[in-house]
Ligand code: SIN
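Shown below, as structure tokens, is a lone chain in the form predicted alone; questions about how it binds or moves come after it.
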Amino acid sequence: MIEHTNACINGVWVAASSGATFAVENPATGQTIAQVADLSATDALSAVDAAYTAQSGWAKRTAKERAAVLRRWHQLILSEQEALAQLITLEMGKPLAESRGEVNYGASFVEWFAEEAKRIYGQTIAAHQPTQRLLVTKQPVGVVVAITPWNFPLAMITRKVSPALAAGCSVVIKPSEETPLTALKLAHLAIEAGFPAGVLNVVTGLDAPAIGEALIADSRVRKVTFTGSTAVGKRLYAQSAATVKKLSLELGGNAPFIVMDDADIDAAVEGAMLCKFRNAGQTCVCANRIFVQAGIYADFVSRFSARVAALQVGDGAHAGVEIGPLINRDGLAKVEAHLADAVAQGARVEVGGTRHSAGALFFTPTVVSGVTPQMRMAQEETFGPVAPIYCFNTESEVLALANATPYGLAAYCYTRNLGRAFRMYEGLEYGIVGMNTGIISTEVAPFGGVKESGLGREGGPHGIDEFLEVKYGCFDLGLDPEECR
């Protein structure tokens, strides 16, 4: 299953110049599963050398040629679905069923942007002078650095690099040090698919801040795409200013999940389960604040708590498991701190509330009622299997509560009133709104946030534009203006 533990640079598997490695652990068991090359910031710059050298040749290939390589990569990813799923579960802990879903989801971006490669259109503009012709074309931005998180170690790579590759850019991927093995497996399949040496590179290393700073400081890197915390995103934003790079940032969220009193309660409970507890609550679009209208509050809490209590916790590699471990001790500590703060301020634990006996990084799926906006879990992303439920009375009240955050990635609302649905959709200050659904991610639609949740969009027809520059050409035909009339 684990074929490579060295970085992939210029089509070659490269160890750190110092020979250093770092351990990758299975969060479910605490066991070391591999020792991976621990590159320095200086080592990482060799990936920029390779990408820069490969860039022009890859950009000169026709869109159809680039699309063909992407399609082969897509097919190889699907052919290795089970091996990739097991690797994802091994290094980050999510249940195998979710890992298999991630492989399919991640592969869908490769397929989508293989098709979009041939749809990068320019335009002609009616000229302002009779002797001139005006053209607009789109060209690849250049070398792209993609910095990806641990919670979706495959899909967050393909969602970023597929449009870049389709547009004609070369890429340097810096995966999370928690989950580098999936990235290396993807690079192996990319080489097999036929990407030229240097077009797709993977840099592994523990010192993510130093590596990121070195990559971003290089003027040959023209685009940075990052998924992660808002704090780190702001730092990358500032660093990118020195060379005025194009930037895509998919940052933190604080998603409201709103259930109106006219909603289908069973459907809302099911949506909340899917939205909140996927990946043990470790997703940027999962419900961080569940708002339920007063008329159905008690009923919803009762039904939802019963469903949560039945969730099966354990090693994601085992059959029937629905909730795996948290990624590390910091993640566990944050969950416990948020819960302790809420209880100290009067919240009530309906279900769970303790660590789970499955292992050191497991936490029992938890429902907390009586949560108020003053509590930490209302202000910060918990990123764990804890569902806080708030009670509200009016539509205007819940809109104000939902928008009272610097974040604006995803929001959800359940109602059977069409007018209310449109009012909520338009009133929620979020880049993505799920109306009567708890699952909103798809390769065919733009994914991204507003406010401090980020910049740019990934997926859909908008996704490839993030990796293109618009060029305007003004052609003078050298004619006498009178001859043109």
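All residue numbers refer to positions in the sequence shown, first residue = 1. Computed from a predicted structure; not experimentally measured.
Not pictured, yet referred to below: the form predicted in complex with succinic acid (SIN).
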| query | finding |
| --- | --- |
| Contacting member of 151, 288, 170, 369, with respect to succinic acid (SIN) in the predicted complex [4.5 Å, heavy atom] | 151 |
| Single option in 305, 283, 364, 176 placed near succinic acid (SIN) in the predicted complex, where near means a heavy atom within 4.5 Å | 283 |
| Partner-proximal stretch of 70-78, 387-395, 124-132, 152-160 relative to succinic acid (SIN) in the predicted complex, 4.5 angstroms, heavy atom | 152-160 |
| Succinic acid (SIN) contact in the predicted complex: residue 105, any heavy atom under 4.5 Å | yes |
| Residue 250: touches succinic acid (SIN) in the predicted complex, heavy atom cutoff 4.5 angstroms | yes |
| Residue 227, heavy atom within 4.5 angstroms of succinic acid (SIN) in the predicted complex | yes |
| 4.5 Å heavy atom contact, residue 441 and succinic acid (SIN) in the predicted complex | yes |
